[in-house]
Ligand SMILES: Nc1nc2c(c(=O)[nH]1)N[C@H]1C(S)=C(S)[C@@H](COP(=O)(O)O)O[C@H]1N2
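Shown here is one chain on its own, the form predicted on its own, set out as structure tokens.
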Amino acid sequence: MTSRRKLITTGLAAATGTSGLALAARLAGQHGLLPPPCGGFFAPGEVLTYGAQRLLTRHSLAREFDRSQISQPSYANGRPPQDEAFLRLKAGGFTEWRLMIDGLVARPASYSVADLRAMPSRSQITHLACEEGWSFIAEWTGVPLSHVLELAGAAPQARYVVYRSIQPRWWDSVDMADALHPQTLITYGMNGGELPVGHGGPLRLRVPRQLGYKSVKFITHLTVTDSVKSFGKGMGSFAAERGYSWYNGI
């Protein structure tokens, strides 16, 4: 495997021009440090950013805060779904809400919110930062995604977890480094209570090491896969299809 020194040196070369960026992209590809396919002028730079962060910060933790630092109030962007199916589930207290997991797993499953609440939980007070400029600090409670992947028996060749919302256009994916990270949670609680609908209740994936749009609300489906080519336009997320980076580590 490439040394940290070599990758950093390549990064400096990349700063000198297009040829350096191409060299960085080739090096990242040789060592399996490539994000899903991306295009455009900035693609080699995105490859370098992803490769460098994965090599240098693979096991790093997002900062956790004191309870006194929780934002009051916590900003809730966007409107919850207004379709009949969502409103029916909400009226029933989300008791019929299901989270499916399939793909490269030995034991596909479907979990209710109650099932997830019965699993080992973690609470963390972290900062959610949006690319639009707003942010807040909140306490998030849920089951680590890694635990659900272990229960399902994720295959060794898995490279990504694709997660989808009840709102069809909203979907995203993370690599296994983030999927197995202890701070990546399937959240069902916030600030000591249930996760409010405005913040994605009953279930939201929380990825505190990346910008806010990776923490998709109202999740209903997880798919473990070795490629994202068959999802959407093959770029790994709806956000990437709109011009955002697939990986936005912070």
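Only a predicted model underlies this, so the values are computations on that prediction, with no experimental measurement involved. Quick note: we count residues from 1 along the sequence shown, nothing fancier.
There is another form of the same protein, the form predicted together with the named molecule; it is not shown, and what comes next is about it.
The named molecule in the model of the complex comes within 4.5 Å of no heavy atom belonging to P35. In the model of the complex, the named molecule lies within 4.5 Å of some heavy atom of G198. Proximity of H181 to the named molecule in the model of the complex falls outside the 4.5 Å heavy atom cutoff. When the named molecule is considered in the model of the complex, G212 lines it closely, a heavy atom lying within 4.5 Å. Note on contacts: among A76, A109, M119, A177, the single residue with a heavy atom within 4.5 Å of the named molecule in the model of the complex is A76. For the residues E131, E84, E150, E96, the 4.5 Å heavy atom test against the named molecule in the model of the complex is passed only by E131. Residues within 4.5 angstroms of the named molecule in the model of the complex, judged by any non-hydrogen atom, belong to 167-175 and to none of the other stretches in 141-149, 167-175, 88-96, 119-127. Of the residues in 79-103, none comes within 4.5 Å of the named molecule in the model of the complex through any heavy atom.
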